[in-house]
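Coming up is one lone chain in structure tokens, specifically the form predicted on its own.
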């Protein structure tokens, strides 16, 4: 009854605001009334979920998610029992020298013989991974399927919580009359966002890249699960768990260190701490997060030393990632370039390529400091494109976020072309590999050309979403239909 009364009072207030105010004769009143009516609908959806605390809402969403999980697990189980599993596990697009299951098996064999798995040049995963599979090696298939399910559910819950915050901010902006009159069509409605969390889970679980990575038993799936849990705990506002999962992701692969910036921005935004270098609260929060992050990382590294009894894994894991000694072909940019590189130039260009991953963090953080969740999406994309040993599993993680930005489609410029290029490259990877390695009618230039085109398409995709996001934010601030001083239509240019 109280909720209904509040909604009726709000409706009366909106009616008085839009009908009885002196601006009644203004031509924009009707549009303003429609905007405030939209605010009323948002409030109803936020405060009146089936009048039972959202219980029926959760049931409605949990049932499709359960069916999706069952379907995805069934597909993976069928592929595990097929003859394709062996073929998929050999694909250079799916596994890398870091994540290949065969290398994990080799490391386990050395560990069982009492020899350090890092004594040769075979195993390059972290000690926690090898000791995990030392106990669950007989249930490896279940472990990888469970990792995919955990990733999908974590992303589902994170996006659901993020959508609630988007609605809340949108409601406050509508109440404060911050949006121009012609931006009604840019305001997101509950109906269009209702199934976005489910779409995110579906984009991850049913993505062919994710399925191939799981069937090949690539340890990339475990890394994705850790990053997804980091994203979930960050959006939930749990500072300690966010720092722990970020340290675990950094321990697995150095590159997730760049996710520290969006995590800090989001958590400070959630706790109403301004990003101001002159404020003590700003530096105090960074010090707290850094202490928890470095403390967790110290504990994990110490545990690895305790399990292994030596520091052999440091050069074998992190030195391997940074120095790129194995030039096995993959979908990245490193292997061909450094295969053709003169040795005395190698160190310089190696530093340039590796810094490239971390360099974009600062300008992106400055530009997107008010939108840290979109910054996380951008950073995941940059990591998957520019890391030294990428696989299709890395791409699947950031592509799972594309439904979250479905409202940007009207501003995308090259989405059809980029989608066609990505699909064509994905189909041509095995074809050109066969022509190079087996038929002998092609060479490495053919395979690297399609790899280069694939990465260019990813860069165009990410930059297109970046442009669309900034353009929508600009329209929400200055209006959808921009005019020049002479009254002609203006063109928005991103600089």
Partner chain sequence: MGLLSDPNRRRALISLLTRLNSPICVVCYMAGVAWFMGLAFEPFTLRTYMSENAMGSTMVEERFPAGERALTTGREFSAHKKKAGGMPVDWLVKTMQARGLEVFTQRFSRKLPFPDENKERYMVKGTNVYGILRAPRAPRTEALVLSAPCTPGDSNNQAVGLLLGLAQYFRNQIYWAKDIIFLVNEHDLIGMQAWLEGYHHTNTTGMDWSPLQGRGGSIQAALSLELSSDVITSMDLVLEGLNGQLPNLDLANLFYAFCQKIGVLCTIQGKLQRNDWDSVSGYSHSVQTMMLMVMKQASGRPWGDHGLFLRYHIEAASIKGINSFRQYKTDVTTIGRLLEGMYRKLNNLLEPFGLLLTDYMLILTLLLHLTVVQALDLWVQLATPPPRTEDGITDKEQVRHTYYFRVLSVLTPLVISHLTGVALYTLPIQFQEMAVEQFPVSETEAVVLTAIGVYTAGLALPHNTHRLLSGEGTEQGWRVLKLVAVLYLAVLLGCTALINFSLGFILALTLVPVAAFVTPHVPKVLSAFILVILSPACTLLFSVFFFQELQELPVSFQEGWLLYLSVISQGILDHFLYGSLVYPLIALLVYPCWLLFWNILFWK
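Positions refer to the first chain, counted from 1. No experiment lies behind these values; they were computed from the predicted model shown.
As for the form predicted in complex with the partner chain, it is not shown, yet the points below apply to it.
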*Given that the partner is absent here, does residue 113 sit within 4.5 Å of the partner chain in the predicted complex, heavy atoms only?*
no
_Against the partner chain in the predicted complex, would residue 280 count as a contact residue? Criterion: heavy atoms within 4.5 Å._
no
*Is the gap between residue 290 and the partner chain in the predicted complex 4.5 Å or less for some heavy atom pair?*
no
*Touches the partner chain in the predicted complex: residue 432 (any heavy atom, 4.5 Å)*: yes
*Tell me which of 92-100, 417-425, 164-172, 382-390 has residues with heavy atoms within 4.5 angstroms of the partner chain in the predicted complex?*
417-425
*Taking the partner chain in the predicted complex as the reference, which of 192, 138, 86, 343 has a non-hydrogen atom within 4.5 Å?*
192
*What are the residues of 427-454, in order along the chain, with a heavy atom within 4.5 Å of the partner chain in the predicted complex?*
427, 428, 431, 432, 434, 435, 437, 438, 439, 440, 441, 442, 443, 446
